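In what follows, one protein chain appears twice in different forms, each by itself as structure tokens: structure 1 and structure 2.
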Structure 1
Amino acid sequence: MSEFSEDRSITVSIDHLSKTYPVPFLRLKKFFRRKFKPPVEALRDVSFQIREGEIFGLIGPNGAGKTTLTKIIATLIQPTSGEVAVRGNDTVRDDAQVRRDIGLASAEERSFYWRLTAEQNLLFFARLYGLSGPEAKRRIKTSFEMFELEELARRRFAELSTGNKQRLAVARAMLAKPPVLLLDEPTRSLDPIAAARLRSTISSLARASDSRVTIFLTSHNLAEVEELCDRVAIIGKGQIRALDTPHNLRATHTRNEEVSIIFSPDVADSVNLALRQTFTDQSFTLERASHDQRWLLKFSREAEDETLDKVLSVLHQSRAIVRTIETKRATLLEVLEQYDESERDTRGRRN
């Protein structure tokens, strides 16, 4: 994660944002008495702020509103109500300035010209950004080196794999060196090595001392979000359900953690007996860790309670030698699943 500080200036401000997609051709459908679905409320009263140099993650199930929110920040669509400001400029009133301050890498590939080569595509967009010919070619060369696309520079966009198209989209977003990057599933379809390199690039942009980049990131890869993001918002049915650091989201979801201890030598019987005598309402699992004399002890505890200290004391008194101790708390996936389950329960009660 980047070295994020609450003292930095606010780069993106979202204030009571809502977006409802109306029913298309509603009057005609009513006139001909055709059935129609109700308007789609994509976003409902969304508010949060993103600070300079922060990597801010947005996660949620399909249809939760992630792409709609990204497009509103990028000025591609307008909100029904509420405001979005990028570096103090309103995305509706000052849309031209906002576009100069952002770089967008979308999961959609329709904005490229499929008959042009990768290099020709980037050169076209570089000129739209106002870059001169020599400067555009220099930045394109740097981008191709950064994303290891040199061998694909003269291949038509239509011939590129889905992963390479995605890398080219991120390269295009960075051409003008914008202070704000909007990355919609940036590592989608990338192989593990390419994804790891792109994550490293994203992290270095936010950490750069001379010109920190503010990054708004949506992803279905929750391990990636945990690795990169300073803060994460969970969105569901167009509403922000939770917003905090990845660590705090996991801790808020559940304070329980799974503990695994490997010990030796083969003193399992005495350890098992001592545990039953010490704990009356705690369950333990004891099994061989390997073919030698090592054993694996597993149990659950509330984070930071005294259970682990007592277990270590029992092991010491039983003359067991502790080899490793591992603790595991809830992942962001489990947090997201918990919110999904809560939403389904709420809908079930309403129905």
Structure 2
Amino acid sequence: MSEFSEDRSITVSIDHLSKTYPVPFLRLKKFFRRKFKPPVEALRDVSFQIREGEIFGLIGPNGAGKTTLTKIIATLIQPTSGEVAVRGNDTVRDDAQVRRDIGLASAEERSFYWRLTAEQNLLFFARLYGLSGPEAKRRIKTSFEMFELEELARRRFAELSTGNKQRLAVARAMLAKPPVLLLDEPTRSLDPIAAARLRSTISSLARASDSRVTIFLTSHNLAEVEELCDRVAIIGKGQIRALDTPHNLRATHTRNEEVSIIFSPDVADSVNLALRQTFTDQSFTLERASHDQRWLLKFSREAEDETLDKVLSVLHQSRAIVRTIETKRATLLEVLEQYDESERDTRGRRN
């Protein structure tokens, strides 16, 4: 996670944003008595702010409104009501200025010209950004170095692997050095090593001391969101259900954590007896961990309470040697699943 501070200036401001996709040619359809589907409410009263240098994650199930929100920030779709401002510029009234300030990298492979090389593609977009020839070439060279694409510069886009196409999309988004970067599943098709490298690049962009980039990231890879994002919003049915740091979201979801302790030598009976005597209302599972007299003790506790300390005392008194301790808190996936389930329950009750 980047070093994110509350006192930084607001870069993206979303204020009571709603978007309902209208029914195309509604009057005509009504006039000719044609059937039509009801308007789709994609976003409802969404409000939050993203600060300079923050990596902000947006997660939610398919159809939750992530793409609509990203495209409204990118000026590609107009909201029905509410406002979005990027560095103080309204995305509807000052759309050209907003586009100067943002770069968008999506996982869409068809967003490049397949007959052109990687370099020719970037040169075309650099010209659209208004970069002069030498400046464009310099930036393209830097981007290729940053994303390790130098050897592929003269290859046709069609010949690149899916992962390299995706890296090129991020490189293109960074061409004009925008202060705001919108990343739509940036590591979706990358191999684990390439994904880790890209995450490291994303993180360093937000941390750069000279020009911090504000990053808005949507992803289905929740581990990635947890690793990268300063704050995460959970969106469902067009509404923001929760917004906080990944740590706080997990803590809000459940205070409990699972603890696993592996100990040796074979003193399981005495440990079991001592635990029963010490804890009257706590359940433990004790099972053989491996063939070399190691045992696995599992229990759950409320985060940061004294149970772990007491269990360690018991083990020590029973002459057990603790080999490893692992604690596991709820993941963002579990948090998301909880919101998804509650949404389905609400829908079920309505039906």
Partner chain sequence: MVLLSRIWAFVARDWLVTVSYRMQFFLRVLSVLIAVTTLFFISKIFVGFTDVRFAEWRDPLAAWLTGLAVLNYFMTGFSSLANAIRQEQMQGTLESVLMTPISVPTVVVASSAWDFVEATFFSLLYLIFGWLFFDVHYRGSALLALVFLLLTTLVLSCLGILSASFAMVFKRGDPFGILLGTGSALFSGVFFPTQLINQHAGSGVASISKILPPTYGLDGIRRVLIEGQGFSQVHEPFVTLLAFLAVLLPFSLWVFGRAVRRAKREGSLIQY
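Each residue is numbered by where it sits in the sequence of structure 1, with counting from 1. If you're wondering where the values come from, they're calculated on a predicted model, not measured in any experiment. Heads up, when I say rigid core I mean the largest set of C-alphas that superpose within 1.5 Å between the two forms.
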property: Structure, 1 versus 2, that is the form predicted in complex with the partner chain; result: 2
property: C-alpha of T245 moved at least 2 Å between the two structures on rigid core; result: no
property: T201 C-alpha shift between the two structures of 2 Å or more, rigid core reference; result: no
property: Per-residue C-alpha change between the two structures, S161, threshold 2 Å, rigid core fit; result: yes
property: Per-residue Cα shift, F31, between the two structures [Å; core superposed]; result: 3.0
